[in-house]
Every structure is written in C-alpha cells, then in structure tokens.
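A lone chain, given as structure tokens: the form predicted alone.
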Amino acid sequence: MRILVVGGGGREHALAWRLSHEAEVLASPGNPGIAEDCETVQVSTKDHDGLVALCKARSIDLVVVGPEDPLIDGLGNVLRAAGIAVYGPNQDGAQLEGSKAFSKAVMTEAGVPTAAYQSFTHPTEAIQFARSRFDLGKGVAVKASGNALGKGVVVCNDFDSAVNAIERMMIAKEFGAAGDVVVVEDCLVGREFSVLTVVGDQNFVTLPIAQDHKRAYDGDQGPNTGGMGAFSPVAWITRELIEEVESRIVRPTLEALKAKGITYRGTLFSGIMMDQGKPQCLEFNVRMGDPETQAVMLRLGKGYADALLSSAVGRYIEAPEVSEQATVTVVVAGKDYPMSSSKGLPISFGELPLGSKLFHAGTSLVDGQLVTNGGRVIAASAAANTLPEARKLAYQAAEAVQFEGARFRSDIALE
C-alpha cells in the first residue's frame, strides 16, 4: 500500500511514522523530522490540485489528511471527485470542527449530553446571555465557533472575564473570522479525556484512550494551548465508560449526520468531560488530536493502515493491534507559547533514552541547521511497561531537546 499523509506537524509525524511500519509512506509537505522516517514532497496542504496531481503521479492508494484546515476547506471532496481514497470527512462532515455552532446543534438534535449553550453573532447578546448564566451561579466557556487551532476557548469564572473573552473574539477579532459566531455555554467541571474513533460506513472502532493537558503551565494553570502533553492508557477509564461514550455520544452523532445526508469517513475526535460522574461532550474534532496522536501511535501495532483504508473505501473496519505498554508525550515549546511562536532558534539534541521518539511539530531546516518554526516544537514521547517508566523516559527525551527558551510542563501524566 502507498499512503500520502497530508500535513507537516507533530500529529502528521506520528501518523507517518506509525503507517511507515505497514506501508510505503509519503508526506506533503512534511517537516525535517518526518523526512527522517519517510519521503517528503513539497506540496502545500492548500494546493488541492497539486495534491491530486501528486496522488496520480505516485499511484497513491490512500490519502490520510492530518490537519483540520484542509478538510474544512474541502480537500476530501476534491480528492474523492478525482477517484482517490481519503481518510478524512468531506466538507459537510468537517463542519463538526469548522463550526462549533453546527457541532452543538448536532449534539442537541442527537440527544448527546453536553453543556447548555447558545450561539451568537452580536457581542451584546452574548454578554447578556453570559450575565444570565452567572446570575444562576454558573461559570461559562466562551468559544469562537470557527477553527481557531485549539486556542479559541476561554473558561470564565467571573462575568468580567466572559465580557473580555467575547470582546476579544467578536470585536477585536483576535481569532479572525473564527470569532464571527461565538458559542457561550455552561462551564462543566471534571476530568477530561479524548476518544479517537475510526469511522466508516459499516462500523466504527475506538482507538486507545488518551488524556491530554491543555493549560500552558504546571497545575493546569495559564491559558489554553493546543496541548502540552498526553498519556495512554488512562487508568480510571473503564471499558464500561468507553461503551457509554460510544452509545450515548459517538453513535447518536453519526446517526444524526447520516440523517442529514452526510457520509462520514475519518476520525471522530470526541472531547469528553466527566461532570457529576457522567460523560458530557465538550467538542468534536474531525482529525486525530495533537498531542494525543503521538501517545496513541506508540501503542498501535499491525492493522492500523488497513483500518484507515477500510474507513476510506466503506469496508468493515477491523480493530488494529494495541500494545499493553503505557506511553507518555511531553511537548517542548517555546518560552512564550501560546502567546507567540518560536522561530529561527537553532535546535540540538542530547542523548535520547531507548524507547523514546521525538516527533517534530514546529521545526524547519535553514542552511542545513534545524531551527524552531512554531510554538510547540517537539513532542518527546516514550513507551514502557508502566506509566511511571514511560513518564521517566519521556522527560529524559524532553530534556535532551535544546534550544533557547525551551520549556515544558513538569506534571504530564501525574494522575
């Protein structure tokens, strides 16, 4: 099988690395780390025609679209129209991530347990609704409805912070067009985890559960980020809980999409929070999580490539092999992330422990020198027989990543 992985971040590096164990893999545009594991071709994720031409020239059997942006922009439609098998939904299904307003409406229609909410196009109305929720003694989460790269969510514990968040999104346009519509919803409190599901026409398969760490600093302090680390498995999550999520959240959502005439082939990422002992859906994404993917890929064995191809062509999906090992991913970020990116700083590596893997997220080559090219630079990952062992190795790997201002949370995978 010949697979094209579209994208160039840490998630795509992990996908390309895992799939390269079972297939011939190309990545476009890739990054320097991906280039160490497979061939990279410089075609932009925005160049849909160029990607079609690449697929035809290289006889690609399956395209795996890593990031959400190309899916929201309709890359799946373009490739399928050209007769190319794609793992990733069409533009209609990608609305689950491209529009939080659409996603919440689907949850409501499907009877999926989720926080009470309203969507707004005017800041005054959004502020009035936020005030009404605080008057009831509730906190709120303010969310830019459009795609804000995982950063368009502000959890507000007081009314003033909600006003500030709404004004930043809708008036100051901090997230651009993503903030044209804002969702204000009740703030849920509890443990979070991520459910990554491979979805096809006939069935779906849930991959190993991962838990990520969203806040920038230790102790879940600071602003939300794209993710500062993840681990798998998650000891407190039972098989019964996963089945409850599948029956109450995943299956009803897919049925609601089907009722709208939407055929969904790809990853359904369900962000779940346990609120008063019951799973509630915080959000859906239409691609693998980052950095959950880095932790999950280290646990997958044979059959993952076949599972993605089966999804893409509408066949029954067989579950891939899953290792019993534990995995931990620690994100090494620039000193000012998520407020700003780190670019052009030389990167060097110390000795890496056996059982670890560095997935490149924000790196590039300049005159042969590896340099930083993003806020999250490297996802230092490791697998071992126990979670504490994997954690120790992942932190040794993180400490081996050296560039000016490099930082990482010290409490990843401390349950």
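C-alpha atoms forming the largest set that superposes within 1.5 Å between two forms make up the rigid core. The first residue of the sequence shown is number 1, and the count goes up from there. If you're wondering where the values come from, they're calculated on a predicted model, not measured in any experiment.
The following text describes the form predicted together with a small molecule, which does not appear among the structures shown.
A heavy atom within 4.5 Å of the small molecule in the predicted complex is found for one listed residue only; from Val112, Val153, Ile72, Val195, this is Val153.
Leu188 is the sole member of Ala178, Val106, Leu188, Val199 with a non-hydrogen atom lying within 4.5 angstroms of the small molecule in the predicted complex. Note on the interface: of 159-167, 241-249, 323-331, 179-187, the segment with non-hydrogen atoms within 4.5 angstroms of the small molecule in the predicted complex is 179-187. Although the partner is absent from this view, Leu282 contacts the small molecule in the predicted complex, with a non-hydrogen atom inside 4.5 angstroms. In the predicted complex, the small molecule sits beyond 4.5 Å of every heavy atom of Lys335. Interface membership of Ala141, defined by any non-hydrogen atom within 4.5 Å of the small molecule in the predicted complex, is confirmed. The shortest heavy atom separation between Lys214 and the small molecule in the predicted complex is within 4.5 Å. After superposing the rigid core, the Cα of Val234 is displaced by less than 2 Å between this form and the one not shown.
After superposing the rigid core, the C-alpha of Val199 moves by less than 2 Å between this form and the one not shown. Met107: CA moves less than 2 Å between this form and the one not shown after rigid-core fitting.
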